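Only one chain comes next, encoded as C-alpha cells, the form predicted alone.
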C-alpha cells in the first residue's frame, strides 16, 4: 500500500471542492474546512471557457457539461446600444448551485467536511495546507502576509424568469458601469451590473441598478423589472495581490486566493477549476514533494497573467476616453 498523507483544504468553494474531488483517496486523507453550511442558492451563471470544460471532463462531470447552456457569441455595445465589438466564443454557462452540487457529489466518501471558521491558520494539521479560501484568503495572509485590494466597484448579479437570448452574451458599457445579460440554465436570463458606490442589500441594490441603468436599452429594463430580490446578490470587487509563488513551505494557493481578479473576462471560476485539477493531477502522480512544485510551474504565470488581463479589461471598460471615442465614431 502506498503511504498516505494528510491534506487540509481551507475553503469549500469551487477550487476547494474540485481539488478534493480529484485527489486519489488511496493517497490522501483530505479534510475541508468551510464555514458556510449551505451551498449557494442564487442561480447566477458562470461561464466555462474551453480550458474549464476540460477540467470538468477530467472530474467526470460530463452530464453537467451536457446540461450547460452554450454561448457562441459575445457582443459589446455602448450604453445606448451602439455596437463596439462582437466575438465568436465557445463558452458553456452553468449556475453556481449546479456546479457546487455536482462537485460535492463527486467527493470521495473519505473526504471530511468541517463547517467552522478557522481562527489560527498556523495550528492547522496536515502535510499540506491548501488556501482555497478566496480573495480574502487567511492562508495567504498567514504565509504570504498579503491582503486583497478593494476597488471602488460593486457588482450586482441576478436572474430573471424570462426566456433568454439564445446562444448570446451581451454587455452594454457605460462610463464607470456596465450591464451584462446571458442565457442561463432553466430557461432563465442571467444578468450582472456594476456601479461605483455601495448599492446596499439586494433589494436596495436592485432599485439602485434600475435607476442608474434607466437609460440602457429596453431589454435591460425588462430583465431588471422581472428580477426577484431574492435572486440577486451584491459584492464589492476585490483583487488578490500579484505574487511570485504559489507554494510556501507546506502552504499552497489555488483559485481566488492565488489570483482573485475583476470579473470582466469571466475567468475566475475557470481558473479555479484548472488550478484544482492541475494540483490534484500533479500530487497524484508526483507526490507530496514534487507535486506542488510542478503545479506552480504550470499555473503561476498563467494564473497571474489572466488576473492582469482582467484588470486591464476593467480599465478599458471604465475609461472615459473609450466612451468619448465611441460617441464620436460609433454608428448612429
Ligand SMILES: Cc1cc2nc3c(=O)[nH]c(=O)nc-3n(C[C@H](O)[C@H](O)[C@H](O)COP(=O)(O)OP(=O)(O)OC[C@H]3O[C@@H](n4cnc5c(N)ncnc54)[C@H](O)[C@@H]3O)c2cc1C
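These numbers were taken from a predicted model, which means no experiment stands behind them. Positions refer to the first chain, counted from 1.
Beyond what is shown, the protein has a form predicted in complex with the ligand; the following relates to that form.
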Check: Can residue 155 be called a contact residue for the ligand in the predicted bound form at 4.5 Å between heavy atoms?
Finding: yes
Check: Does residue 307 reach the ligand in the predicted bound form, with heavy atoms at most 4.5 Å apart?
Finding: no
Check: Any chance residue 23 has a heavy atom within 4.5 Å of the ligand in the predicted bound form?
Finding: no
Next item on the list: Please check if residue 33 has a heavy atom lying within 4.5 Å of any heavy atom of the ligand in the predicted bound form.
Entry: yes
Next item on the list: Sort through 61-69, 35-43, 276-284, 292-300 and report the only stretch with a non-hydrogen atom within 4.5 Å of the ligand in the predicted bound form.
Entry: 35-43
Checklist line | Answer option from 196, 149, 235, 82, heavy atom within 4.5 Å of the ligand in the predicted bound form | finding: 235
Next item on the list: Using the arrangement in the predicted bound form, list in sequence order the residues of 118-149 with any heavy atom within 4.5 angstroms of the ligand.
Entry: 118, 132, 133, 134, 138
